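So this first bit is one chain, no partners, the form predicted alone, shown in structure tokens.
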């Protein structure tokens, strides 16, 4: 089925690189990592991508939703709110959807409540499982704050969550149910996630090194990223550099709950389907923002998939060395990084990849080069073999 390119009329990101979109992208351009030792005690060594500043409380009237996850989400919303208001005025509140991805929801709030119960013998009076832990609370909070009245739901497919919502939004717009969608992902740091990845034996004790020789695992990060997808952009601020969602490819490995198919067949299918929707050929792709978690298996399988499509022609960068793995927020965050590359014609420096694994047969640029970038693929792969790839850039008919 044909895919009509959707203009991305606003975007935002907050994470270990900063608590505003401007600060995040400035740190990305400067090649600064946000990875540091955890801000709380753990019985093992690792690095995490924690937001650098205290997170402001929610606005009056929204106290019932207050938790770290919601605070991250509200910071991200701040940078797109004006565009969302214009979208509501253009299309009507019932014609705008909210589609958010998360992996852990408000688990951090529940962990804090449990620690209070252990110490005091009772849960905190302010704790609400439904509004502070429940995944649906994210969408509910955004609807209350923005006034959006269209379909609102939260998707949780682990690390592909906030890539998947782009496909859901495109289907809603294509079906005529809505004209615009606020999409994105949010996840916050919590101890259970870190213990879980430690138990799997894939949590690195140092800063992660995607695609590098001797890489030994991931770092976990936190953050939020949003995009506003619309049927057209005539009512928004004119922007000659407008980036479009050109296609979304999805696939399922059906191979293993925690490991990718070793030859990267699921990853390759997701990229092929994204290009097919976008009407792109392999030679039309100028950059791949890789999932690149820095685990042995993921990086090898992904590199095989990329090499099978592009050889070593296309520059490939994983930005996990800047933010850590943002889990349910990874797809949207790396989509924002891809938008930035398209608008600046400059690729991120491949942090941590300085000593490339000789078995990795793809091009990993180390210097953040300026180059022609018209179309980008941004991939996210999750537990259970849930794969998604976003095609972003200039629609083919506008290409020169």
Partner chain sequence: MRPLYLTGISLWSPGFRDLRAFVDDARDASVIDCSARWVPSRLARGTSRLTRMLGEAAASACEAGGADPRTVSTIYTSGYGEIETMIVQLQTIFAGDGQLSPMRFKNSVHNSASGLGSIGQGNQAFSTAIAAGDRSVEAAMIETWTLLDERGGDAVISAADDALPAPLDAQCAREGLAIGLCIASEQPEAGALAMLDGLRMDDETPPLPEAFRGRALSRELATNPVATLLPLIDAVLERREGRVPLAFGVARPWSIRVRPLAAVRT
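This is a predicted model, so every value here is computed, not measured. Positions refer to the first chain, counted from 1.
Unshown form predicted in complex with its partner chain; subsequent notes refer to it.
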Look up in the predicted complex whether residue 158 has a non-hydrogen atom within 4.5 angstroms of its partner chain, and give yes or no. yes
At the 4.5 Å heavy atom threshold, is residue 282 in contact with its partner chain in the predicted complex? no
If you check in the predicted complex, is residue 216 within 4.5 Å of its partner chain, heavy atoms only? no
With the partner left out of view, is residue 149 within 4.5 angstroms of its partner chain in the predicted complex by any non-hydrogen atom? yes
Of 209, 325, 244, 164, which residue is found within 4.5 angstroms of its partner chain in the predicted complex when only non-hydrogen atoms are counted? 164
Among 265, 71, 86, 78, which has any heavy atom within 4.5 Å of its partner chain in the predicted complex? 265
Work out which of the listed stretches, 287-295, 250-258, 226-234, 179-187, brings a heavy atom within 4.5 angstroms of its partner chain in the predicted complex. 250-258
With the distance limit set at 4.5 angstroms and only heavy atoms considered, check whether 45, 303 and 354 all reach its partner chain in the predicted complex. no
Partner contacts for 117-136, taking its partner chain in the predicted complex and a 4.5 Å heavy atom cut-off: 117, 118, 123, 127, 128, 129, 130, 133, 134, 135, 136
